[in-house]
Ligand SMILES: O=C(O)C(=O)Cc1ccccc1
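Shown below, as structure tokens, is a lone chain in the form predicted alone; questions about how it binds or moves come after it.
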Amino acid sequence: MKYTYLGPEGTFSEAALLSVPGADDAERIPSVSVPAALAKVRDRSVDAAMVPIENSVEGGVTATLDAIGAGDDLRIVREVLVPIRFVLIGAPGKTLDDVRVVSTHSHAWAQVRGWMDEALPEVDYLPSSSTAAAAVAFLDNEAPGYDAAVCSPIVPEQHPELNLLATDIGDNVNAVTRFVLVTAARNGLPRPEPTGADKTTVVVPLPEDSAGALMGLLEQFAARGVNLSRIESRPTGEALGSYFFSIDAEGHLDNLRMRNALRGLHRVSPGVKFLGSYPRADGKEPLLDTHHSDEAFSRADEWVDNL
């Protein structure tokens, strides 16, 4: 296997990838952005990409939702949960009192704002493509336009020569980011088998902008006893009011309740994209009523066939 991830080295994405069995011995290629990582998957220059999709503090990662939702079909085959911790790296020779401009990824910035307001209330923020990219720029002995960077503790561990100014600067000690391992559809790799604790991810365009349109999508899941663990709307970019929904549902494609829900969803919105069924990282099994079990669906099909 050949992998890519949101780079450079030292990102939380790399940490997530290294939790995949065999990834530590495989070829790993950093990408400058999530769209660039997924483009490598689509053109088959790599087998899979590890990218962030959701944060417990900041919600969905829009760059990932948009890049997965557009273009050729992709498949999510695994999810990884990574606890998030942050440190502050300074430019060479800088102290905490010298910091006026801080750079990091937007999701990281949202998770350290409280600490910044207390420790560095006058600081300005400069967005970066990733947490590690902002920090390792100091290794090039250049003036990147900022005085400090927020990044993962992995970065100073890999580069002890960096100027570490502060540790544990996150506002929420329970912050977790969810990453997904993405492959190309129809790549010959086996589909993850159902475990009893699974997720299915779909992208569903809103068929029409009218009263009850969203309800028509959601009732396909509710009527079959399929719980949703995440739903987010994103603009398609085609026109105002044109949206698609990124949805995580509890269950696997091999579950009859999920198959029936997806059939109903396709009737309502034929442009629906199936992005994969895969094991939940937390191992949490759904709570099901008996009439939503596979056995109940099978008995109902048998009853209709015999009419």
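The shown structure was predicted, so the numbers you read here are calculated from the model rather than taken from an experiment. Start at 1 and count along the sequence shown; that's the residue number.
Below, we turn to the form predicted together with this ligand, even though it does not appear here.
For the options R75, K199, R224, H105, the one in contact with this ligand in the model of the complex, meaning a heavy atom within 4.5 Å, is H105. In short, of 233-241, 175-183, 162-170, 113-121 it is 175-183 that has heavy atoms within 4.5 Å of this ligand in the model of the complex. Interface residue remark: P52 is counted as part of the site for this ligand in the model of the complex, having a heavy atom within 4.5 Å.
Although the partner is absent here, I84 is a contact residue: one of its heavy atoms lies within 4.5 angstroms of this ligand in the model of the complex. Shown without its partner, the chain has L6, T11, F12, S13 in segment 1-16 as residues with a non-hydrogen atom within 4.5 angstroms of this ligand in the model of the complex.
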